[in-house]
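Just one chain is shown here, as structure tokens, and it is the form predicted on its own.
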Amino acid sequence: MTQTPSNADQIAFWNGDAGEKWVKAQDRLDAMLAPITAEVLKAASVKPGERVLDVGCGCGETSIVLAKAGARVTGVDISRPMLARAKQRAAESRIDAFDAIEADASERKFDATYDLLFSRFGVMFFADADAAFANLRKALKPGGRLAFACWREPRANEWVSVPVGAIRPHVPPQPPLGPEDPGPFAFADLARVRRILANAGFDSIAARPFDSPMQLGETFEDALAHIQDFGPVSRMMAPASDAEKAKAAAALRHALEPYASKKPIALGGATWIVTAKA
């Protein structure tokens, strides 16, 4: 099947610098996301012997935890460098119950053999979310389950809203992004999430908010460097001139100063923990 342009863009993005950056920062990012990982794994309530499809498995953190809990896990992702790291980590941990597939999960045809569809922040990037979840629903056995974590609105996520708000006046304007366009906050609207899941054939849909601190650095300078090198701030500053970057960096430093008194440096994160049944 031909990729839609948006999916092709995502595939190119995660197989370029973004994927390589995630691999290099894997330990740091897993630590930062650890509270959310634990919460969505608790919601998934995986049982020994179950088959799990980990959508957007990335560098393998959640797949390995699920496999250690006794599940047989298939991780699927579009990022070749991140999948390579996931396979390496599984081998280092002597995890045999893990397979990795490089594929677009919105189009890959899966057999209906899975007990659980799982994802930690891997489901918000589909160009056509309705079609993607209709396809993924077919991977579940009758009575199968779904559990995933997604971000709530940007303003509820200090780790994004504070640094982005600080630098926005000093960098070139960003292309406008609609509330349903693929991206980290595409599932912030619960009404949309419920509609997508119901249309795909899920019921018993439930979602609850989960807040946790996002640890951005052990020290103030460490946090500043990480924010400028990774994530939305990095993308916004990339096309800026040297003068604009200097102004943005100064504004970022000023915006983060109120958070500098506690170590590690942490800003608030806000997610939805979503569950459903087939």
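Values in this document were obtained by computation on a predicted structure and should not be read as measured data. Residue positions are given as counts along the sequence shown, with the first one as 1.
Just so you know, the form predicted together with a small molecule exists too; it's not on screen, but the next bit is about it.
Q: Is the small molecule close enough to 186, 189 and 207 in the predicted bound form that each of the three has a heavy atom within 4.5 Å of it?
A: No residue of the spot touches the small molecule in the predicted bound form.
Q: Would you please decide whether residue 82 lies within 4.5 angstroms of the small molecule in the predicted bound form, comparing each non-hydrogen atom pair?
A: Residue 82: yes, in contact with the small molecule in the predicted bound form.
Q: With a cut-off of 4.5 Å between heavy atoms, is residue 162 one of the residues that contacts the small molecule in the predicted bound form?
A: No - in the predicted bound form, heavy atoms of residue 162 and the small molecule never come within 4.5 Å of each other.
Q: Though only this chain appears here, would residue 22 touch the small molecule in the predicted bound form if you measure heavy atom gaps against 4.5 Å?
A: Heavy-atom contact with the small molecule at 4.5 Å: present for residue 22.
Q: According to a 4.5 angstroms non-hydrogen atom cut-off, is residue 57 in contact with the small molecule in the predicted bound form?
A: Contact check for residue 57: yes, within 4.5 Å of the small molecule in the predicted bound form.
Q: Please pick, from 140, 147, 78, 200, the one residue with any non-hydrogen atom lying within 4.5 angstroms of the small molecule in the predicted bound form.
A: By the 4.5 Å criterion, the partner-contacting residue is 78.
Q: Consider the chain as shown here, without its partner, and state which of 156, 97, 134, 103 has a heavy atom within 4.5 Å of the small molecule in the predicted bound form.
A: Only one option qualifies, and that one is 103.
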